[in-house]
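Presented below, as structure tokens, is a lone chain in the form predicted on its own.
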Amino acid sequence: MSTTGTAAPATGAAVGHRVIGTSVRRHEDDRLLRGLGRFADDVDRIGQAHARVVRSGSAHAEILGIDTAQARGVPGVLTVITGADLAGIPPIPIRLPRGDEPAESLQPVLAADRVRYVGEPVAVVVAEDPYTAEDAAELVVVDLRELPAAVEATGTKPAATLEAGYGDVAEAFAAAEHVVELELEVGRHAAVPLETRGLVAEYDVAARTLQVWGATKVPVFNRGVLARMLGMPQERIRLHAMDAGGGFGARGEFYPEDLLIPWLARHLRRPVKWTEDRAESLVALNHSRQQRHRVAAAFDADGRLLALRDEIVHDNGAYLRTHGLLVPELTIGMLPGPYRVPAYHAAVDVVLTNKTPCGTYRAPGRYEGTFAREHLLDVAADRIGLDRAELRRRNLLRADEMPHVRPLRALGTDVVLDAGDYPGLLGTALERTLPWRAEAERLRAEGRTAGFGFAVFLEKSGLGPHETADVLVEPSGLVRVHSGGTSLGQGIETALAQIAADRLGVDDTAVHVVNGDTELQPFGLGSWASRSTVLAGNAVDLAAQAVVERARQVAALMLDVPQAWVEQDGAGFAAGGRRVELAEVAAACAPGSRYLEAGTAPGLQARRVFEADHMTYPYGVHVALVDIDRGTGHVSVLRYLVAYEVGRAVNPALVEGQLLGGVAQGLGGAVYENFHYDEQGQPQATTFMDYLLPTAAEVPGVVEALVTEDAPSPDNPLGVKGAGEGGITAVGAAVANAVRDALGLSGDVGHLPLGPGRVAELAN
């Protein structure tokens, strides 16, 4: 990896002490690499019982009855519940509602009268041990009357239609010199975290309190939902975020089990544990992506965009889950990307089918839209007779056009592109990969089917409205940070520790970050949408600043000098040749201290909230070199580059890790992964024999990350932008463009993934 650009210093940070911008070792790795991580399944409570969820084997059917007698009769079974036991409990609410979601599309906790996808929960068995629970679950008999299953979204009446746009699109297309229109499709794939979901819940009868372990991602929000659904004060519920084997948008949302397990713990007055197995996960965890685009662009004689339009069908599966209409909204809100688009219109039909419900998956809406737009531009360049890069250069927004206000909304906020030099980064990426073009030519001369492709993308990050952080300094000198962000493997503990350390002048290893404990940080909004470093990071910075100011006041008393004379000096404060350590100042803030002024609260600590009106917009370029076996249709990705503008890298190694991991993950949707169904709605990819994840053998041998810091965001004091999704956003587009180049296609590739069958078809 190489890093270019110049990062702005942290204004006001401890003089001569810089932690932000350095690749310190991940704090999380000390425990994770030594096997000391604590995941949901590691939690055991005394007297705990085990739950097993009974799931529908039909895609669409009426429930005529559920016979639980045999299961209840198994020794060791404590209870079996069905939808009838949960009468009165409302369906699972949407986390980020637009307000126009059809209420009848929300998912019930347990299906009571009808099942709508294979894998839908219909009953739960609780037993003394997990084996008894699983055996007994197989004895629950669900009497179903099969109904026709809706598998195809196209041609089906939508549950909702969203539109976005501006300008006179019809007039622009009528006046265009060139019009290019394609039909493209993105397959259904999803997050497949290494660790499946799991929960442990315990109810304290005497204190009437409930504790839940394992709800990592948005624990404060989930606590509120759980409290409302259980009819409990949320103050009596404590959620503990745990280590997680990956999040990627899907894990940690409020699923049926997030109500079932706590409900059972309270009902049985015993701790209840549930751990999802892989077969369950593949049909129960959110799916994502599946969209069909009819996308068109209008150009003038010079290849300049006049208008862009898209008609989209979004297959959302059986219900609107916690994300509601967010993914299709993001698709149409972000489709114009980093380009100057004078007129734009997009409409998306959100269709419910009898498949696993959909939610977000890393770069939701952008992975799909970037593929549609960037593949369209490649085809358009050929038809207009322009170089692919030149077509983009003529249409990318320039640095002097920033900030750029686009009359669209994404995630409920106005789209204000904050800072950037899109053509500059494209030029850098293409110059860096110039030898790859020569390599492609050399391979072709040898009779190979090699291709070079690239795609430009715009990301979004740092969604508000706010995040809260506490910074506390102990008399030992240890610093604690209580953050609303949660650790899903992205390294947020390290990044937040670096920000606090930078401001306080201490070593980053002296900072201990606690994420996702609803009692320690009851106002946190969680980690999602690449928001944590932007929102939580700036909240930590504000809280640390407040601690420094408070420490300076106390240090002045300790040094017996006016406060204006006191300067921060590393992990201490100095004036007149004397110095006190931060730890000494913290000790001087204890009750009874002669330096603690009357009426002031003891302790050296501060809680601060950072608010954001707009998101930040990082951007980048993906470049791929592929080699295709015409006989088998196998696509080998030989080399890959991600060039990414992150504003300011708190920890460059963490940013690089996010990008490289994203590329591997994005390759799955581009070439391998696909949840396909038969005509009856039966999922055909229910094991890893059928759902093909890229392994180390399929990931490119050479993946480079070029992280730049040339355009710090003006919308937050640290200047940071999110890094969680830029590694995956344009993988589908770049690989598709490289495959098209390799095969010398005049048209498009049609759809993702580009599996062997499809590529062989295109090759012949």
Partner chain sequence: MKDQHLISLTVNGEPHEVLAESRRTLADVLRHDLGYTGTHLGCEHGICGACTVLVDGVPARSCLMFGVQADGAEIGTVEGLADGDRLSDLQEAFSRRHGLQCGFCTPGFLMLAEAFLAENPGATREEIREAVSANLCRCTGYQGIVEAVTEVAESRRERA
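Residue numbers count along the first chain shown, from 1. This structure is a prediction, so every number in the text was calculated from the model and none was measured.
This next part talks about the form predicted together with its partner chain, which is not shown.
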| query | finding |
| --- | --- |
| Listed residue that, although its partner chain is not shown, lies within 4.5 Å of it in the predicted complex (heavy atoms), from Gly477, Pro256, Gly661, Gly633 | Gly661 |
| Among the candidates Glu185, Glu439, Glu519, Asp129, the residue which, in the predicted complex, approaches its partner chain to within 4.5 Å (heavy atoms) | Asp129 |
| Contact segment among 650-658, 620-628, 210-218, 444-452, judged by heavy atoms lying within 4.5 Å of its partner chain in the predicted complex | 650-658 |
| Ala696 within 4.5 Å of its partner chain in the predicted complex, heavy atoms | yes |
| is_contact(Glu181, its partner chain) in the predicted complex, heavy atom dist at most 4.5 Å | no |
| Any non-hydrogen atom of Gly165 within 4.5 angstroms of its partner chain in the predicted complex | no |
| Contact flag, Gln568 vs its partner chain in the predicted complex, heavy atom cut 4.5 Å | no |
| Residues of 240-264 having any heavy atom within 4.5 Å of its partner chain in the predicted complex, listed in sequence order | Ala244, Gly245, Gly246, Phe248 |
